[in-house]
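Single chain ahead, by itself, as structure tokens, in the form predicted alone.
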């Protein structure tokens, strides 16, 4: 019977602002791993993780200007998987939630499981969690639609203006090469995004350009603009656009009738926050 040590993988998120947002479960897996791979994007976050486990390896060296991010992500996943194959207890720690906008985390888990080895992911605090807290938005109030900016431009999505819209990575809007690592070339994308939004909202509709705080000593960036100003609004790689709802739509009288209800009877219903909700 083989006694060779089997490798395993646990993927964790460190939160947006690592200090104070890393969960106890994630901390434990980092501390007890044979090797920790880091995709954290800032030196403060990396320092916090390396204090928990000195055997850490940053994945950021795989990024290069002009190199396809798709290739970079593939190399990240392969580096993680190789360490698991070698029999290590591996922890891969990524900025935010490890499953949100993190291609190599999903790829590494899929490849490790395909080899018959253990691979799991733990939840973490994402940019969306920070956005909800910082902007005071309750996604249940109007409903919420969420898109990556470039995918939104390329595909035939249907905006529901009565829902809150969250459009991620507008700093890369329209960028299709996957080789750009800055937000200096997104003007055509913002022009097109504005045109699409103008099909559903008035030009003076208030938007929010949001960036979560990545360090405990920093504040989130919250800039309120008019839709007509979007094209000329400076953005970064972590800028997110929030388009508030136009309000609640009209009642569907036919649906109320099927339930034996009248508009007056349901007029006070506002998605009450029940203690047994599952979020």
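What you see is a predicted model; the values in this text were computed from it and never measured. Positions refer to the first chain, counted from 1.
The following text describes the form predicted in complex with a small molecule, which does not appear among the structures shown.
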query	finding
Per-stretch contact check against the small molecule in the predicted complex, the hit in 194 to 202, 154 to 162, 92 to 100, 138 to 146 (non-hydrogen atom, 4.5 angstroms)	92 to 100
Heavy atom of residue 127 within 4.5 Å of the small molecule in the predicted complex	yes
Partner contact for residue 243 in the predicted complex: the small molecule, 4.5 angstroms, heavy atom	no
Non-hydrogen atom contact residue 10 with the small molecule in the predicted complex at 4.5 angstroms	no
Contact label in the predicted complex: residue 150 to the small molecule, heavy atom within 4.5 Å	no
Contact residue in the predicted complex, chosen from 56, 52, 237, 227 - any heavy atom within 4.5 Å of the small molecule	237
